[in-house]
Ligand SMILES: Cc1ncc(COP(=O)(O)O)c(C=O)c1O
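Shown below, as structure tokens, is a lone chain in the form predicted on its own; questions about how it binds or moves come after it.
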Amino acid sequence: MSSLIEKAFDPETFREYGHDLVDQLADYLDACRNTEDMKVLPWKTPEENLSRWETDFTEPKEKELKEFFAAVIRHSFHFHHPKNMGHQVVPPAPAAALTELLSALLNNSMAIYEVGPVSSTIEKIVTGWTASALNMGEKAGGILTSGGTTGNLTALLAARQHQADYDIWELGTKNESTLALMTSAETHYSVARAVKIMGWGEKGIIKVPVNERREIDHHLLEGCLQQAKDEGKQVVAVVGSACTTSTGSYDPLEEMSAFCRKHNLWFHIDGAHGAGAALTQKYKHLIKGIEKADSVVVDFHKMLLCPALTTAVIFKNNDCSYETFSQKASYLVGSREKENWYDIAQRTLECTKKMMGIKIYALLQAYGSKLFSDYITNAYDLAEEFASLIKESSDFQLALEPAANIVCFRWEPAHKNSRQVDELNRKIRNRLKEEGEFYIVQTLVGHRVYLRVTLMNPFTSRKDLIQLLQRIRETAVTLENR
């Protein structure tokens, strides 16, 4: 065997690198908590970053890995920074991050039980726990997959198969079929993407208008369904959001569920961000009705402290999950007639996948579900506090009262018209991004530009929020005086 292979797999070398990396990451976590000299985003243009890493790549390779690790940490975006308030990506709990190392080295591929005996079993346990947390009933269960986009596609493929009067998986979509689903204009883009992947095209998406709270207007469902039928479309599903990405609004799930039962439609809920409210006492009312859904997607890498990507797809009737990807692969899963919970490739878009469940299992073992409850409650409470600060400030406008930990607002001086305010807020956001002290994003609410924060970091404080508003004021004045 070559000496290079021996070196690459040497246990003592691994021990040395591993200890050093954990030390570096622990120092990083400490630095994020003491942020005076640390930016959220060490901004460089794409071209600058490409040049920097291309130069590094072409230099001689006999380097210490710890130097590479340090450079990656230093130049990356810092989700653990309290002034990161941008995207719906959680700063992972350190214990969950350690399971990524465990999963990567063991590399149990999860396709069949034989190459994932522990992780396949744990996946059944954590999906069962998730179904129970959502109160979806004794027959509920599901799988883990890589992200909300894949999760929504998986659920909607099951809906398509379940609602059809023939085997779409084997026979394909009939030419005369014009399948469609109904959802709001505020639903995450992954739902529209799933529709187009399934071959339904833009005509397969029936967008129901929203009310002033940016929730689907359930009073319009009947009319939209009838119009779809008049156009020759076969609606097979309705998709609710819990909550929306843009504003954090929760659709009226109970009313949507009743509509679906009345018309025998599949009810799917994209709960990627907000379904975790079920674990709290204070905010679980937001997802009332989720237990009546046929399928629900929950991202553990959003509000449940796990590294990306970790998504649960839960079915009210777990048997429906087998209908999605049932196919013959005799070398792998054997006959289609034999459907085992432990051969996971029968039920997922992936064949090989990471040992996702161990992240969730580890956190539940170490801290219990109260960790999730405390984290979500804290984040949602902080959003309410931030909304109050905005309402107390005459130079800011709140788009709507937050339901979750997403707050949309904007700088709005009295002497500017709407179009000027839109442009000014775009410039403010871009300036903050390049400065790197705070990280926020922007969105459209009713065709107007708003700044948007998603309060994901448990160490973000009221003081940070006050400083953000002041920094926006200062930036606005600077931009106006240019």
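If you're wondering where the values come from, they're calculated on a predicted model, not measured in any experiment. Residue numbers here begin at 1 and follow the sequence given.
Same protein, other form: the form predicted in complex with the named molecule, not shown, and the subject of what follows.
Enquirer: Consider Ala272 of the chain shown here, and say whether it contacts the named molecule in the predicted complex, taking contact as heavy atoms within 4.5 Å.
Expert: Contact check for Ala272: yes, within 4.5 Å of the named molecule in the predicted complex.
Enquirer: Although the partner isn't part of this model, could you tell me whether Gly141 comes within 4.5 Å of the named molecule in the predicted complex, counting any heavy atom of the residue?
Expert: Answer no; every heavy atom of Gly141 is more than 4.5 Å from the named molecule in the predicted complex.
Enquirer: Contact between His78 and the named molecule in the predicted complex at 4.5 Å, heavy atoms?
Expert: Although the named molecule is absent here, His78 would stay clear of it in the predicted complex, with no heavy atoms inside 4.5 Å.
Enquirer: Under a 4.5 Å heavy atom criterion, is Ala159 part of the interface with the named molecule in the predicted complex?
Expert: No, no contact at 4.5 Å.
Enquirer: State yes only if every one of Lys83, Gly436 and Gln467 has a non-hydrogen atom within 4.5 Å of the named molecule in the predicted complex; otherwise state no.
Expert: No.
Enquirer: Just to confirm the contact call: exactly one of 222-230, 371-379, 347-355, 299-307 touches the named molecule in the predicted complex at a 4.5 Å heavy atom cutoff, so which is it?
Expert: Going by heavy atoms within 4.5 Å, the stretch is 299-307.
Enquirer: Report the residue, out of Gly147, Gly204, Pro91, Pro252, that has at least one non-hydrogen atom within 4.5 angstroms of the named molecule in the predicted complex.
Expert: For this set of options, the contacting one is Gly147.
Enquirer: Between Ser190, Gln397, Thr280, Asn317, only one gets a heavy atom within 4.5 angstroms of the named molecule in the predicted complex; which residue is that?
Expert: Looking at Ser190, Gln397, Thr280, Asn317 one by one, just Ser190 meets the 4.5 Å heavy-atom criterion.
Enquirer: Using the arrangement in the predicted complex, list in sequence order the residues of 226-244 with any heavy atom within 4.5 angstroms of the named molecule.
Expert: Just Cys243.
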